[in-house]
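Each of the two blocks below gives one form of the same protein chain as structure tokens; they are labelled structure 1 and structure 2.
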Structure 1
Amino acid sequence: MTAESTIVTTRPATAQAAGDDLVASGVSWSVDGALIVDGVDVSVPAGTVTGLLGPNGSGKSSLLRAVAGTTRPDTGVVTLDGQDLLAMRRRERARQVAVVEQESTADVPLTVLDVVLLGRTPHRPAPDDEQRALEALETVGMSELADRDWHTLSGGERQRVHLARAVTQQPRLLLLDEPTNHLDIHFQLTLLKFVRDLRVTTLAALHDLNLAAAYCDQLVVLAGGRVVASGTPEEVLVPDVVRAVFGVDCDVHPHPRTGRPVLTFSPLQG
């Protein structure tokens, strides 16, 4: 059986937009006739964090790019607070939406502070641009490296700088594609707690199911470019869903401190 045929969505993924709610309805995107994102509906309530889960090739990054407007979906509507994001001019959309990608490089010589200041581009000129950038660097523990050459940073350090850039942008919507890539466990936890405490409407693609359970308000699971489950971590991260989507068995226990789901995995038997 396929994941699509064995899972019933646990909670409707769409809702009426209110406040800074993100609502994506019927989003599809194809490459050379192959559907990568297939009629996806996702809603992220204002000020909450929604985790986007799924195996490699499930369409997570492609959906994020469609929501961000960096690739134009074939069909569908994406709104923030009822405003059509895809119909906005590029500069106006950049004032609303910040994106942190898995990998991002710069070929020109830049300092760490220069990279963070790129987040101020949609708002410039403003007298407090540099102060905002420095404050964002401090929040991610990178203020001491403000004058460092960007090319000398490790992958984890670059990821933290890109989050600082996104925060400096003052977005109403934050889109994160594997934000914990290259980070050790301390900074994985620190970064996701920081994102949650921002209370900015956030859609984040994540690989680690336990991190998603710990820091997301709701989860959306993709398989084959389609939504196959959605709801709270307790509703979504159950053995049947994990087995059908990821091809592993799991046991689920409440975290001794938070009560949120903690998963332990084992290969399928037989």
Structure 2
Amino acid sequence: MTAESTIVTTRPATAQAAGDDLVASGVSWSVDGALIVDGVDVSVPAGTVTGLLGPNGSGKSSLLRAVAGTTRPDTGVVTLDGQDLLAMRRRERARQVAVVEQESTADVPLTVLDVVLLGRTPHRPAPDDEQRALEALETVGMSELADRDWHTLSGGERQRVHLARAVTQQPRLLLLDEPTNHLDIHFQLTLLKFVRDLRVTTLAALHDLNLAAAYCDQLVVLAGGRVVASGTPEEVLVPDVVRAVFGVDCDVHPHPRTGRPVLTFSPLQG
């Protein structure tokens, strides 16, 4: 599937009006001569969640960093609502794009509110910063813990605080790098539900194919730094793709409650 057909076939009709589509095209990035991201085209329709799938080392994190502008890609263009993200000044870009990494920790004493307020860093200080931070905490169901020491939180609570920090940044694009790693099933589901309910254009690298199927509007599968499949979960999560990319057989069933695809895996037969 070419980039053009991806963009055309997967964009819902409503996205045209909403605006903030992410379009990354021809993104390549190499380190020490090794090509990590190889001419990737990804588009995320406005206000939807696109999951980035692929085995370890397939270039998911590198692609996210390139889109976030933290590492400059060798080639490629990344636009948000038609604006060139990579040409922006850092601070301007940070007002548009928020990133939640997996497991980021601090050594210094911080309250939950301190962490959430970091999201205001790229913005001018304003009197309602604290109010905004508290509302973001409310959004992820953590407002009772605003004054708690960040170090006393569980892994799931920490990720929710990071998500609240990203929300406080008021981004038009949210980038998540395996945000559900090391979280128990309850926090995995609630975190992704919070993300989906935000209705912010989101590109999220995910490991768990079933979580991706349940919460993403679109999926993009990377292997060896290239896009090997993209489309809706139903289109992408088919046995052929899973076998080719992850090296396992799978059966696809409809979820009894949502109708979304559920995958069960088995080792390759012969």
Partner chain sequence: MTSTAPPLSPPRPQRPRPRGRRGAASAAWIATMAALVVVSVTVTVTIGPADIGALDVWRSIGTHLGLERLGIGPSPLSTLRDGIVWELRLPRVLAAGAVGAALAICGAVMQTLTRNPLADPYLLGLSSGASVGAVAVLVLGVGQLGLPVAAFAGALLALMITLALANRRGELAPTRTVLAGLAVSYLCSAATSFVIFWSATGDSYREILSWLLGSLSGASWADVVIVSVAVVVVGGVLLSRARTLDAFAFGDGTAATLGVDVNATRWTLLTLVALLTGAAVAVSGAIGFVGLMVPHAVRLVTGSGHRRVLPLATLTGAVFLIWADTLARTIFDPRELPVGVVTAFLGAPAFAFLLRRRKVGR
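We call the rigid core whatever largest set of C-alpha positions still superposes within 1.5 Å between the two forms. Reference numbering: structure 1, starting with residue 1. Computed from a predicted structure; not experimentally measured.
Student: Pick out the form predicted together with the partner chain: structure 1 or structure 2.
Tutor: Comparing the pair, one sees that structure 2 is the form predicted together with the partner chain and the remaining one is not.
Student: After fitting the rigid core, is the C-alpha of residue 74 off by 2 Å or more between structure 1 and structure 2?
Tutor: No; residue 74 is a residue whose C-alpha shifts by less than 2 Å between structure 1 and structure 2 when the cores are overlaid.
Student: Comparing between structure 1 and structure 2 on the rigid core, is the C-alpha shift at residue 157 2 Å or larger?
Tutor: Shift at residue 157: 2 Å or more after core fit.
Student: Cα of residue 139 displaced 2 Å or more between structure 1 and structure 2, core superposed?
Tutor: After core superposition, the displacement of the residue 139 C-alpha between structure 1 and structure 2 reaches the 2 Å mark, so yes.
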